[in-house]
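Provided below as structure tokens are two forms of one protein chain, presented individually as structure 1 and structure 2.
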Structure 1
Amino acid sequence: MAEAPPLRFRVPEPLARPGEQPDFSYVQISDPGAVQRPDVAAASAELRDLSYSLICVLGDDGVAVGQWAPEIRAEALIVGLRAMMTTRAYDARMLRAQRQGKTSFYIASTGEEAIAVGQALELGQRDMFFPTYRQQGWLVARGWPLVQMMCQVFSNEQDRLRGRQMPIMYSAKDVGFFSISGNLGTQYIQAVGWAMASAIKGDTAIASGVVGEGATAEADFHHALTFASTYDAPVILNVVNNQWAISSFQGIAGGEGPSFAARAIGYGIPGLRVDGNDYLAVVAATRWAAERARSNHGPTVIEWVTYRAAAHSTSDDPSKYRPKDEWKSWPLGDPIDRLQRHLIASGAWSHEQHADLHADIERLVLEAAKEAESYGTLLDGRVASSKSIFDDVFEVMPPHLRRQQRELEG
């Protein structure tokens, strides 16, 4: 028997590292309008191509083309534009606050705003969103007060969560925003379970869950797809492929092989691969998947192809693992700029209106920050009271905790 060659394995590497020119040649992009829009009732076996092509509506000229171009009024698009711009301004203000020592930690969503904002404005008011930690745009789009968001980041006297969550791990049931979990992947199985419970009750509300591409390697991802497929759960399962899981290139999670959307195929679930920086494509894909779920045709997996423009968090230094300003070379551009260009091309917007809106948003965010800081930050130590640790845990507090509470209160 001939001697076999030594075995080997491969470690995926990004095409560019610090000091090199950005290289996004691996990103497969379809022409705007080139992808066909199937009926929402189509069998998953007929939708295989949607997992490999890229649903894109907006061309470089800002014009919406193709079957996926949604029917949506300019006024609604301006609402989305405002929410994305507000989210970016909010992120910038909170990043500054962290650098000033007013909070311990922050995570920005720069470059990914279209995904959370688009879903928030397209899904129903009673639908439940199970986010990961870069979807603050949902809260902004749904009108959740910026002051309350900031107080949670500061963990101050007005923090509704009483300082029990890390900064940016919001919870807002009133606007369908499920509590963020630091254990990534859990939101997928929670979303599937919530959707199944809605169906059991005979309700009409659906669920939408989010993970990043790195978390698709977690067992919870596959458990969720198994249950969603087996029971035709009315749920949208989003994979935000922003190219980096902290410092790990998306290829480490398997992104150099079939797309993340294609992982749905083996479970008999439709998988859509969508331009996550195209606000109109976000609206269109969300609308399609939501209609499919509400019509009892089952779940949909959506891979949103986007780019994490900012650091993973304030604890991260991306210059250690990717080229400086790589974001500027991202082939799908900036979601805010692209929607602005579309509105101007349609005659519904102008550069002057955009500048006025930007100034108005900056003023509102600054006013909210001043109010939130008046309730305390880490700099002055006015944080949530330790006496609240017994509240909101049990409906009826057991005797041993009542004794401990009395001891704490002195």
Structure 2
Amino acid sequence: MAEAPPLRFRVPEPLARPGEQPDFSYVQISDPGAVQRPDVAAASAELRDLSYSLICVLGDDGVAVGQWAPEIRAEALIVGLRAMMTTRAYDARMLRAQRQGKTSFYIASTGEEAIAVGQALELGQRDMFFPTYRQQGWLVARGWPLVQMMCQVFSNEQDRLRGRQMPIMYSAKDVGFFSISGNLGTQYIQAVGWAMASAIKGDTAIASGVVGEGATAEADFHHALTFASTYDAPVILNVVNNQWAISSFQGIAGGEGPSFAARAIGYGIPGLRVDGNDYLAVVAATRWAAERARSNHGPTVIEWVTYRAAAHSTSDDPSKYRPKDEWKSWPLGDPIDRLQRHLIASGAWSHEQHADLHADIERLVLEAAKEAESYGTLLDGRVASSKSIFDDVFEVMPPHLRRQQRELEG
């Protein structure tokens, strides 16, 4: 027998590093409208192709084509456009506040706004969203007050979470937004549990969980798909594939081979691979998955193909690990531009209206920031009382915490 060759240890490398030409040739793209839209009752075994193609509705000309083009009125699309633009303006304002020391930390969702906004507007008021830290678009789209969001970012006296949480870790039960954990992946399986509970009680509400492509590596991802599949849980399992997990490209999460959507196949769950920068595709895929869940056909995995245009967070410098202008070469463009183009192409919108809306949003965000700042920021130290850190550890404060609270107060 021939001697075995030495084994090789392979570590995936992205196609482009700083100083090199951006290269997105690895991103498989289907033509707009090319992918068939199956019935929601179809067996998952018949849906495997959906994990390898890309559901895309909007062409370069802004025209919506194909079976996935959703029936949706222009007014509803303008609501989505407005929410995406507001989210982007909000992010820009908060990044600025962080640079000014008014908050300790910030995470922007630039380039990925369509996903959270589309889901917020498509899912029902009683459904529950289990977000990551990059889904602030949901809160904006659901009309949660910007001032309230900012008060948390500033950790000021009006912060509903009383300064306990990091700036971007919102909790907003009234708009179906589960409390964000800083620990990646943990909430994915919780979304499944919430959905199982809804089924156990014979309720009609469904759940939607989010994980980044990087965090699909956590065991929670496997737990979520296994439980969802076992119990046909009424849940949408979103994977936001924005290509980067801090400095790690999606290949480090095993993304070089089959798509993240295709992970679902082995669990017997349909997995859709969808253009996450196409607002209409976001609406359509969400609608399909929600309908499946609501009609007791079980869970759907959706991989949203998008790009993290911003730094990971204010602590990050992406120029150290990816080409500086990579975002400009991203083949799926900018979700705001694309929806704007669609609305203009369909005659429902104009450049003037868009400019007016932009100015309007800038003004509203600035006003909100001024109001929020008037309640204090981390910089001026007008934060919730130190005494309050002992609240909510338990429902009823046990004696040892009361003792510690007295000790802190001196």
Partner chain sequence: MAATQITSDNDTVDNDTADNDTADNDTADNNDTADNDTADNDTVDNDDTDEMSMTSGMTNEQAGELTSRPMAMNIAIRSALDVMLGRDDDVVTFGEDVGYFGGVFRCTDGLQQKYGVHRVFDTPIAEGGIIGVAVGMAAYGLRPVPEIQFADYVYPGLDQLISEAARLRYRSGAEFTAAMTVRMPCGGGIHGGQTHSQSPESIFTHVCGLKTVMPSNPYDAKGLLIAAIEDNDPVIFLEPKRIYNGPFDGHYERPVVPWSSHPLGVVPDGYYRIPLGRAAIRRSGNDLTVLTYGTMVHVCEVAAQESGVDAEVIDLRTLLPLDTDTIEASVAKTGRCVIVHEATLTSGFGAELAATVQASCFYSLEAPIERVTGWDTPYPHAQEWDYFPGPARVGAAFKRVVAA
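For numbering, take structure 1's sequence and count from 1. As the structure is a computational prediction, the values presented were derived from the model and not from experiment. Basically, rigid core = biggest C-alpha set you can superpose within 1.5 Å across the two forms.
Both panels show the same chain in isolation, but it is structure 1 that comes from the form predicted on its own.
Once both forms are fitted on their rigid core, the CA atom of R402 lies 2 Å or more apart between structures 1 and 2. Remark: with the core as the superposition reference, the CA shift of F24 between structures 1 and 2 stays below 2 Å.
Superposition on the rigid core between structures 1 and 2 places the CA atom of D392 2 Å or more away from its counterpart.
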